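Form predicted alone, single chain, as structure tokens, below.
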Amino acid sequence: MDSALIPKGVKRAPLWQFILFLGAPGTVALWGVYAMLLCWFKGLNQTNMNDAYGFALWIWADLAVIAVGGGAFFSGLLRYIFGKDVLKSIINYAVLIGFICYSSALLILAIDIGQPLRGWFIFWHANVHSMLTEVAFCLSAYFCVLTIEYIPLILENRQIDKVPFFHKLGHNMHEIMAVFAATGAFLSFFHQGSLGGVAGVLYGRPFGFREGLFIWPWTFFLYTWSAAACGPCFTILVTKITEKVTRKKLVKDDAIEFLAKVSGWMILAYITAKTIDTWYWATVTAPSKGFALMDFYSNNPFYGIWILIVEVVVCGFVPALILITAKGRKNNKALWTAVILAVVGVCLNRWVMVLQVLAVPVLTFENWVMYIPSWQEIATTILPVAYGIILIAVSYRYLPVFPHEAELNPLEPSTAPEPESAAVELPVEPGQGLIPAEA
């Protein structure tokens, strides 16, 4: 029965090995679910958040997965709106990764609000003056879009596709996928930007405060830009890890190279804008509020000046320069280095804009506020990682996530062509076989 569900023309591990593989992430997921239930039943006193850190590890993880999930909307934009057919072999996986990231973001928010049964208040009693309300609406709407984009992949399962209704439904959904890709790009632009805008309008937190264009601070555009630039790198990274685990070639090189090239130029443009923004903030905005640059950095290991150097130079310009060169993109080790640094860079940026913004003392009698997350926070933050591994494994086993997998792995036993018969055709004597004997 299990073999009948596996995509045609490809080989998968025996069922017992698959179940054994799911043991580790399944155990981690159960640990995370236990911590999540503690937070729901006992409240947010299970965390180490306090008056200084109302936004802590959860919100950093939330913003980080939303940023790296940006590869879904940007890849969809390139594939369906700009017609880049070269991405055909990776677009399904980009959608799957985006689906995991955004469902994880919503899960984290459901834990963070402390009372999930009142989550609907966000929509029914919306604060129309809050950017977080717009984030909640766009985030939920884009998750619905990703679900719609993921459904056709489910409908292509061998057994489901045999049902005429589901076969036609999947085909028709593919035909209008450009509409959902455009909608997703529109929604992503605003919720990514508004997440950055929240930090940019904090007058009481000069480290995050920025000048702006019309009603938007510069951080609005930098957040969207960084997600579109670094999100594809996360897609490439997860694809490469999947190929290592499965020991197969799953995506064509031209798709990886094209996505890496576009991402490289996007990162270079973003990190240049980020550098200009930081320089203006350090020399104009902060001094106008009575602060010097080093007032925002501490000698402790979490918030030292090193974090700025690592984010901008090591995880910004270095991966950008690697990815914009053909030699760098084609070198496997350099490509791995670049995509890892880019992902670390965007996550580090979210760490700074969530945690360091709150840690910096803004009054003369205040000191740096330190924060160590509780095990419940760590467990629920790791939960989406385990959940993502499980969903990727199940999707890879039972859904045609990689349309060119059989083509790229022609030597697999189940994909090899049937051998032609080696029998030699011999003349048949009268009276033998189907030729009647003469009277």
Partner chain sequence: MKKDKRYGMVIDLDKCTGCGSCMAACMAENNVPFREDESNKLLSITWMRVYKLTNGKPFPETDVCYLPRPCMHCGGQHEGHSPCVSVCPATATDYSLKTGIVSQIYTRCFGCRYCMASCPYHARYFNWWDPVWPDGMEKYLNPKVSPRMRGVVEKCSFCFHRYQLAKEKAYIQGRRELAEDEYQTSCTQACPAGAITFGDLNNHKHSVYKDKKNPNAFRLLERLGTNPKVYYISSRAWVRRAGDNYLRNEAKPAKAVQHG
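Worth saying up front: this structure is predicted, and the values here are computed from it rather than measured. Numbering follows the first chain given and starts at 1.
Not pictured, yet referred to below: the form predicted in complex with the partner chain.
Residue among 154, 324, 352, 202 with a heavy atom within 4.5 Å of the partner chain in the predicted bound form: Contact residue from the list: 202.
Interface residue in the predicted bound form among 172, 288, 275, 331, criterion: non-hydrogen atom within 4.5 angstroms of the partner chain: Filtering the options by heavy-atom distance leaves 288.
Residues 255, 264 and 341 all lining the partner chain in the predicted bound form, heavy atom within 4.5 Å: No, none of the three is in contact.
Segment that reaches the partner chain in the predicted bound form - one of 138-146, 124-132, 79-87, 312-320, heavy atoms within 4.5 Å: Only one stretch qualifies here: 124-132.
Contact flag, residue 376 vs the partner chain in the predicted bound form, heavy atom cut 4.5 Å: Contact check for residue 376: no, nothing within 4.5 Å of the partner chain in the predicted bound form.
Contact label in the predicted bound form: residue 198 to the partner chain, heavy atom within 4.5 Å: Within the cut-off, so yes.
Interface membership of residue 366, the partner chain in the predicted bound form, 4.5 Å heavy atom rule: Within the cut-off, so yes.
Contact of residue 292 with the partner chain in the predicted bound form (heavy atom, 4.5 Å): Flag for residue 292 set to yes.
Heavy atom contacts to the partner chain in the predicted bound form at 4.5 Å, residues of 25-50 in sequence order: Heavy-atom contacts within 4.5 Å come from 40, 41, 42, 43, 44, 45, 47, 49, 50.
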